[in-house]
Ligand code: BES
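Given next, in structure tokens, is a single chain: the form predicted on its own.
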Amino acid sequence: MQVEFVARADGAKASGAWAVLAFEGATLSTEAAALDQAAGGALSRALSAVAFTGAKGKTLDVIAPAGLDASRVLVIGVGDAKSLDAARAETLAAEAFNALKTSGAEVLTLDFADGSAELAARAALGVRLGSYRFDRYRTTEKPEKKPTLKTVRIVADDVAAAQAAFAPLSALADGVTFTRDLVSEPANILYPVEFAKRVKALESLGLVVEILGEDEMAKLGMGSLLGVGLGSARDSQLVVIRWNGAADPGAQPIAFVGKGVCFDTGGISLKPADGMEDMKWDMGGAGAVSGLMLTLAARKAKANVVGILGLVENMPDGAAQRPGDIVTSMSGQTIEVINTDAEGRLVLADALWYCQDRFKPKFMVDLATLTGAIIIALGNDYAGLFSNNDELAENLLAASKASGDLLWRLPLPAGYEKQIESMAADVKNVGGRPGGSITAALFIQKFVNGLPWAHLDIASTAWKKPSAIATIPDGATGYGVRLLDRLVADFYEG
């Protein structure tokens, strides 16, 4: 989707589709009023005929207004003009795109000339996010179901300022798109080696990417991570991504670690067949870290950042890990594997230990589609936040509010650790159904070596089917990229 900014124009001569704004009391925006005048009052008459008041969420589609070259004009109710903030601008732009994407028009002109450059830029971001489609494998889709819009022109009062404001947002949109693509791919296409290969290609942006294979991980003692992939024909991978954007290249970095289970059958503790196809997105945490690192590099973030991806497949083969097996993690701690479907925490145990041991970061944040219990606790709009550090947790919550990637902090009560005590090893990987997300986080905490750390359980937010959010089409959401980019920008750059 091509998005561009244009100055105020002669609307009577503009072809394609238009989307304009109306505020409370059916007050038209400046551009909408100019279109109405060119159309001899056709828009005003249409609004009056249906008692359109400009209320928030209401729209009116006027087909082929006389006096205009435009094929149609979509009037969008904003409500109170003061309610048109950056988040609302994104939503309105995405809703306008979705309303007209199969209209037959190839160009949509979207009116944000009465707003600031920031609002116009956020509208462009809304279009980029809302127009996402993962359609590379659709070969017989009917033409009428395919979007016809190819270009969205956003009318801005100050085109240069809007373009400048959009530059970092365009990088963000690229990162979210990259994550959505990764998470959407089927597991026969995106397995650990292929995932690593796609991340390696990001070196063209200035990132440094290292890939550790199974032999290298075995030498490091990563028995916890490697145990998960024993039943797969696909080799496991550990990917290290580095961005050095701080003024001091040697300054202490910050770190993000992603669970990347490219497909999760549950292993020997096999999942039910219903819904198992969705387990291709069990690498959503690694997908988010990848998209974040792309974004930081593309916008030249002034920070030193490390991203770690633990990439595996969890399959039920004759060589697969069994319930009751005991593995030794890189930390030296032994783990009794009670349930092979609690594999993500086994991956994170070694990835986090490796991260803190090698890079000594200020803090680590891990992202993982870890537990179904988090969906029961928080529904489908909030991810769970667990942390051993109040400052890091508060910064994440502030970034959550600013970005729209919602978080809710949950406790880490030491008393619950009794649930993961093992009679045969240092710890066991599950603690039963009560507080399942909490005991999973407590397990992970044992492998951070006291470093400031936060765990984001994103099983509730990485995938929406269906989605009720205009900027998030059905499927992969890209959750986490906006959140962590905002975290870095607001608290750790400079």
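Keep in mind that this is a model prediction, so the values were computed, not measured. Throughout, we count residues from 1 along the sequence that is shown.
Only in words, not in the display: the form predicted together with the named molecule, which the text now covers.
Checklist entry - Looking at the partner-bound form in the predicted bound form, is T371 within 4.5 Å of the named molecule by any heavy atom? => result Flag for T371 set to yes.
Next on the checklist: Using a 4.5 angstroms cut-off on non-hydrogen atoms, would K271 count as touching the named molecule in the predicted bound form?
Outcome noted: Answer yes; at least one heavy atom of K271 falls within 4.5 Å of the named molecule in the predicted bound form.
Item to check | Contact label in the predicted bound form: D282 to the named molecule, heavy atom within 4.5 Å | outcome: Answer yes; at least one heavy atom of D282 falls within 4.5 Å of the named molecule in the predicted bound form.
Item to check | Close approach of R128 to the named molecule in the predicted bound form, 4.5 Å, heavy atom | outcome: Close contact is absent here: in the predicted bound form, R128 is far from the named molecule, nothing within 4.5 Å, heavy atoms only.
Checklist entry - Are all three of V430, A459 and W463 close to the named molecule in the predicted bound form, meaning a heavy atom of each within 4.5 Å? => result Affirmative, all three are within 4.5 Å.
Item to check | Proximity to the named molecule in the predicted bound form, single hit among N389, N339, N244, T102 (heavy atom within 4.5 Å) | outcome: When the named molecule is considered in the predicted bound form, the option within 4.5 Å is N339.
Item to check | in the predicted bound form, the one of A218, A402, I375, A160 near the named molecule [non-hydrogen atom within 4.5 angstroms] | outcome: Selected option: I375.
Checklist entry - Looking at 244 to 252, 418 to 426, 343 to 351, 141 to 149, which lies within 4.5 angstroms of the named molecule in the predicted bound form, counting heavy atoms? => result In the other structure, the partner sits against 343 to 351.
Item to check | Partner contacts in the predicted bound form for 141 to 170 (non-hydrogen atom within 4.5 angstroms of the named molecule) | outcome: Residues within 4.5 Å: none in this stretch.
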